[in-house]
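This document contains two forms of one protein chain, each encoded as C-alpha cells and listed individually as structure 1 and structure 2.
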Structure 1
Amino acid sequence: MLEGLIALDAETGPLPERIYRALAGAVRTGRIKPGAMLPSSRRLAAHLVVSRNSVNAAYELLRADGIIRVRRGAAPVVVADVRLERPEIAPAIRTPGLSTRGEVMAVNLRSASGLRHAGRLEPGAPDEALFPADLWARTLRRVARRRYGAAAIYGEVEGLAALKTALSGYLERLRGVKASPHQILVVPSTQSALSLVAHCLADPGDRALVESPGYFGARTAFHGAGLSVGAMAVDGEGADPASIAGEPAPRLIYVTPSHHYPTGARMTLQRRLDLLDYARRSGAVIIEDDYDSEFLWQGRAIAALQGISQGSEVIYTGTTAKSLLPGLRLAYMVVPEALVAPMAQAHRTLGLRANIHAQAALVEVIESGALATQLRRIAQIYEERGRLLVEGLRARIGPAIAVAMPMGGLQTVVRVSQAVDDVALAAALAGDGYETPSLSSYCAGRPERGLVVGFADADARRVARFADRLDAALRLT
C-alpha cells in the first residue's frame, strides 16, 4: 500500500503543509508514480495519526498544484503528466474547514493594500458630529413605539413598503432615478448590494470591470464572489468606455458616474451614453453606485445614469452612509423589472435585512423634509472643509502636488509625480496618524501616484499640520 511510502518529516509547522510536502516529495522523487491512486483521506489520516481534515487540506493543496486529480467519491489520483521538476513552493495554507469559495471570500484585499479604518483625514468617512443625532434619536423613539404587523415579524424583509415608496419619490426628485417602489431592495450596506449582484448575475470566473482608480469595496465584493476583475480607465471626464473596447465583454461594470470615487470626476454625457450602449450590446449589467450624489455642491442636478437608461442595463445603489451615518447600516438598490423577483428571493436567501426602526426613521426624515435640510447643511460644511484642505495644501506645497477642488463628497485626490513611491508616502503619513492611502492602492489597472485625502474632519489647524508633514515627506521620497 502507498501509505508506507508517506511519512511526515520532523519539522514543525501546520499539519496540512507537512502532509502536502511529504506527498509532493514522494511524487517528485518518483516514490509515488504518475497514475497511482492515493489512499482515501480517512485511511491516510489513520496511518499518519492526524485528523482527516488535515489530509483533506493537503489533498486540496496538491489538487490546486495540479499534482493530483480528485473526483467525488473516488480516491485521488496522481496526474499522469505531473511535472516532476516542479519547484518547491510554499503553498498558501488553507484554513481548516474553509471551502474553496470561502477561501476566496476570506481574502482581505484591503489589509493587503495597507488600507485601514483609523486615523485623521480618512477618505470616505463622514464626520459623526454632523449626524443629526438628536433628531434621529427622537424619531427612533417615536417609530419604535408603533406596531408594524407582519412587517415587524417576517414580512417585508426586502424593505419596509413605506420606505420603498418614500425612496421611490426621493430618488426621482433628487437623482432622476426611475423606480417604482417594488423595484427597490433595502439592504444593510452598499457592500451587501454589490455582493448580492455579483452572486446573482455572475458566476465564478466571470469578468467584472471596476474603475481604476476606484472604490475598494467593489473590488472586494467581486473578488470575494470569485469574479475576474478588470479595470476601466478613469480621467477627468470620468470612466472611459473607450478604454475597454476590444477586451472580453464583462458581466458587470461598476461605475460611480455622478461623482467618481475617489477622484471626484464626473462622467460626461457622451461617455454615459457610450457606456449604456456598450452594456446593451455586450449584455453586461452596469452597477451605478451613487453613494454621495445627493449632497454634491456642484452638479447635483445631473441625473443618475439609471434615469437615462432604458431600464434594464443599470442596477442603481444608494446609501445613508454618507448623508447620515455608516453605522445605520441602511442602503438600497433599484433593480430592473426583470430582476425584481429573483433578486428579492436571493436577498431573502442571503438574509440581507435592515433594522425596521432605522427604516421607519428614514421614512420620517424623508417625508418631513429633515433629510433635505441635512443634505443642504452637510453640503455647505463639507464644501468649506474641502476648500480648506485644497487651498491649504496648494499654498503650502505648490507645484509638487496637483489637487482638484472637490465638487462634493468627503475626499479628494492629491496627485504627485509618477516617480514618487506613494505607498511609502502614505506609510510615512500613517505613522503620524493620517489615514491618507496611496492612490496606487485604489488602482486595479495602471497605478497612478498620489494620496487619497479625506476632508470631513478637516479644520485649519489639522490641514496646516498635514500640509507640513506631507511637504516634509515629499522631500524625503
Structure 2
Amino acid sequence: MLEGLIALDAETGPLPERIYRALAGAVRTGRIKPGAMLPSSRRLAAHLVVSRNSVNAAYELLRADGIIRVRRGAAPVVVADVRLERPEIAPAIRTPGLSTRGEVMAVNLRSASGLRHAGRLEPGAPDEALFPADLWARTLRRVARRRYGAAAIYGEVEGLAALKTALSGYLERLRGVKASPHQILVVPSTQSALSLVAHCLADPGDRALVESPGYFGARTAFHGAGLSVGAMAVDGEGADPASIAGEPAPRLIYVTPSHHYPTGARMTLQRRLDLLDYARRSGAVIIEDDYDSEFLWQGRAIAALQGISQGSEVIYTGTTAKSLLPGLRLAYMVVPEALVAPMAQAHRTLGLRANIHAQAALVEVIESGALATQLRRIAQIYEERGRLLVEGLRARIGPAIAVAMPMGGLQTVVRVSQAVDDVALAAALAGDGYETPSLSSYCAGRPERGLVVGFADADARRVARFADRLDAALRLT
C-alpha cells in the first residue's frame, strides 16, 4: 500500500499538503501509473496514522488538479498522466533577460555616485519618533470604517475628491498655488510624479535639466525615462537660469526654488521670473518640487513658482514625506489644465494610485488643523537639532570646514577643500554607520566638495561622535 511513496517526516507544511505533494510527485515520476487505484481515505489514514480529514483534504487537492477521480463508494483512481520526464521537452533556449529599457531602469546611479545605504544623520530622512502615531491611528481607524463607493473599487484613481479639494485650499493658503481640485493628481511619491512627467512629456533622447548640485531622484527618474540630463548651476541665490544660456533647449527643467536641495538656498524672485520667461520662450516645462517648504527658520516663505506663473509651463509637486512619513506613500502634483485628462489616464495606466484610507486620513488631518499643529511642533524640534549639529561641528573642527545653519529643511552642507576626496570621505564615515553622502555626487556639472548631513535624528552625543569621526577622517585626507 504505497510503501515508500509517502514519507511525511521528510516534508514540511500542513499535513494535507504534505500528503498531496507525496502522491502528486509519485504520479509525476511514474511510480504511480494512470489507472491505479489509491486506498480509501479510511485505509490511508490508518496506514499513515493521521486523521481521515487530512487524507480527504489531500484527495480533494488531487481531484482539483485533475490527477485523480473520486466517486462515492469507490476508491480514488489516478486518471492523469502528468509525468515530467519526457524526452521531447527541450531545455530553454536562453534565460530571461532585461530589455534595453529595463537595463536603463535597473542602473543604480546612486551606488555609482557614492551614495550608500540608510544610516545615522541621513539627509532628508525625518525622525520617525516625531510621527503623530496615536493621532494617525485614531484617524485611520475612523476612516477605515466608512464606505467609499466607487472610490473603494476602481473610481477616483487619480485621488479622492475630498483630498483634492482639501489640498487645493491648503496649497493656496500656504503656498499661493493656484489650482482647482481636478488639476491635482495624488501619487505615492515625488519620485513617481517625476517619472510620470518624464514619460508623458518627453521622449527618449530629449533633454532635461536638473540643478547642480541637486536632488538625485530627479536625475534617476529622467535617466530611467531615457532622457539626456544636463545641469543648471546653483549658487547662494538658487538655480541660475543664466548658466544655461546658449545651450540646447530642454524639454523639462527640474528646480527646488523655495528651498534648494541640498544646499538650502532660496531662488530669488528675479531668477524665478527669468526661468519662467526662459521656459515660455523655449517651450520647456518646469517641474517645481516644493521641497521642505514646510520647514522654514529664517524669513518668510516665498510664493510657489506655480503661483506666480500666468501660463501653463509649471507642474507643481509636494509630499507628506517630511511632515508625516515617507512610508505613508502620499504625494501630489498640480498639472496644467490642458494636461489633466491625459496625465490622469497615464496615472491610471501606470498604476500610481495611493491607498484610499491613507488619503481619507490625510483629509481629516488637514481639515482639523492637526497637520498645521504637527508642522509647528516638529519644525521647532528640527531647528534646534540643526543648530546643535552646526554649532557642534564648528566647535570641534573649525576652519577645516564651512557649515552654516540652513534657512530650513532637514539637512545642511558641510563644505571641505576642493583638494579633499569627498567620495572617499563619505565612504569612511559610512563605515561607521553615517549616511552623509558626498556633495560631489549631487553634482551633474562641475563637482563641489563636501558632505550632505542630515540632522533630523541629531542629539548631543551623536553630534559629538560624528564631529570626532569627521575630524579624524579629514586629517587622513
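Counting starts at 1 with the first residue of structure 1 and goes up one by one along its sequence. Model, not experiment: these values are computed from the prediction. By rigid core we mean the largest C-alpha set that fits within 1.5 Å across both forms.
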Structure 1 or 2: which one is the form predicted in complex with a further copy of the same chain? 1
Rigid core fitted, then: does Phe455 show a CA shift of 2 angstroms or greater between structure 1 and structure 2? no
Tell me whether Val55 is among the residues that move between structure 1 and structure 2 (Cα shift of 2 angstroms or more, core superposed). yes
Taking the rigid core as the reference frame, tell me whether Pro39 has a CA displacement of 2 angstroms or more between structure 1 and structure 2. yes
If you line up the core, how far does the Cα of Ala22 move between structure 1 and structure 2, in Å? 46.1
